[in-house]
Every structure is written in C-alpha cells, then in structure tokens.
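Let's start with one chain on its own, the form predicted on its own, as structure tokens.
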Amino acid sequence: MATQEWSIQEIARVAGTTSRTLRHYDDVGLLAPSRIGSNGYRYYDQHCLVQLQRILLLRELGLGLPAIADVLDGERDSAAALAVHLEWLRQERDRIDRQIASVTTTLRKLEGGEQIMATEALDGFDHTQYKDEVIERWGKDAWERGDDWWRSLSDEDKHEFKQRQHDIAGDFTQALKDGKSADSDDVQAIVQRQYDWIAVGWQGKRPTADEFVGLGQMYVDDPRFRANYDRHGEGTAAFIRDAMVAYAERVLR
C-alpha cells in the first residue's frame, strides 16, 4: 500500500503557514520533507505531519526554533511527546473555560446589580502560569523580581499598568491605519512609551538593543502575543516589531 504524501503547498495551506516557513524549518533541521521529486517539489508523509504538529504545538508554548530543536532532539518517542502536549492543551482548555465562566458570571451580576465576588471575577486569571516560561527565557531572578513587583501593586496600579499598554497598542494600530512608517518620528514616540513601559515591568532595568529587538520579534512569533496585538488591528504585531527594531538601531545602539 502506497504511503500518502502531500505537497508543500497542501501542507502549508492546512497548517495555516507558508511554503517559505516550511522550507526554513528544513534549513534549520526541524522538518525535512519525506522526499524531493525530480521536479524539485517537496513532499511530506505522515511522519512529517506528526513532526510538524509537534513543532506547531511547541510554538504555541512560546518556544523559539532553537529551543524547539532541543526538545525534539530529546523526545524521540513521538507518541509520548504528543501525550504530554495533549495534557497541556487540556489544562489550557480548562483554564480558558474557567475564564469564560468567570466573565459570564461577572457580566450577569453587573447586569443584575448583584455583588461581585473576587474569587468569581478572578478565577482562571493567574500570572504564575507563565512562571516556567519566564524562568526559561530570562532566568529565575527575573521571575522572582517580576513576581514580587506585581504582587506589591494595588489593584488600581495593576489596572493602570495594563491600561497603559492597551493605550500604546491602540496608538500603534492607529498609526498603522494612518499609513505612517515604522521609523517615522510619530511612531518612534510611541515606541519610546513602549520602551518605558517595559522598563517599569523590568523594575527599572533598561532593555538593551538586542533584548528590545528580541521582544519585538516575540510579539510576532508567539501566537499569544500576536493575537493580543492583532486584535487591535491586523498586522499590528509586525508593525510594532518593525518600529522597535528601528528604535533599537536609532537610540539603543
């Protein structure tokens, strides 16, 4: 029985990515095609599909390509690895279900004039869920400083901090809609606010040029950040990244 294969265009379409991305995955040793035809076309079999699914799941966790390569290299058993991913997805589904229930309850009580309970309104919203990820990216000290700082804030301060970022993202979106370039003076003024906002969250530590550029790239690469920024307007995450790169070159280097 012949093994079913799919062309690179078919795989890219189903995965919601691009042929260029799949070729890049091959270049960095993450996903080689099962074969390359005499016409130069790349084809992918079932094994490739499983490997791509694992890559996409790890990207959902916010891992960069080098970290994904390390994980895949250490997980030769695809079934066991997918079982771990499945458990994470179930936990994430449960957390989102709790958030939906929390917001639904809050809305119902607001509309009915009922007293809102903190345990109901905040169920499912827990910044510590990202503890391991922060430690992996920036170290244990960074997590502990950030966690101590966040817990020290009043509810009003936390709301103000989040609102500042919401306003900054909205201004980026408006600048994009107005056709302004990422390196224009107006947009760079918004980036300055973004930089200052990040420095507050880093307890006064000023991001270096490379750190700032890396954060901007993460806004595009990490589906969670990209979705958060692009909800203001499609393409906002990429626009912010480009603006942050321009700022790093102009101000930080």
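Superpose the two forms; the largest set of C-alphas matching within 1.5 Å is the rigid core. Small disclaimer: the values here were computed from a predicted structure and weren't measured. Numbering starts at 1 and runs along the sequence shown.
As for the form predicted in complex with the DNA, it is not shown, yet the points below apply to it.
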(request) Tell me, please, which stretch of 45 to 53, 32 to 40, 208 to 216, 183 to 191 lies within 4.5 angstroms of the DNA in the predicted complex when heavy atoms are compared? (result) 32 to 40
(request) Give a yes or no on whether each residue among 173, 179 and 226 has a heavy atom within 4.5 Å of the DNA in the predicted complex. (result) no
(message) Is it the case that residue 8, even though its partner is missing from this view, gets within 4.5 Å of the DNA in the predicted complex, heavy atoms only?
(response) yes
(message) Taking any heavy atom pair closer than or equal to 4.5 Å as contact, tell me whether residue 65 reaches the DNA in the predicted complex.
(response) yes
(message) Under the 4.5 Å heavy atom criterion, name the residues of 13 to 46 that approach the DNA in the predicted complex, in sequence order.
(response) 18, 20, 21, 23, 24, 25, 39, 40, 41, 42
(message) Core superposed first: is there a CA shift of 2 Å or greater at residue 195 between this form and the one not shown?
(response) no
(request) Could you tell me whether the Cα atom of residue 26 shifts by at least 2 Å between this form and the one not shown after core superposition? (result) yes
(request) Tell me, please, whether between this form and the one not shown the C-alpha of residue 43 is shifted by 2 Å or more, with the rigid core used for superposition. (result) yes
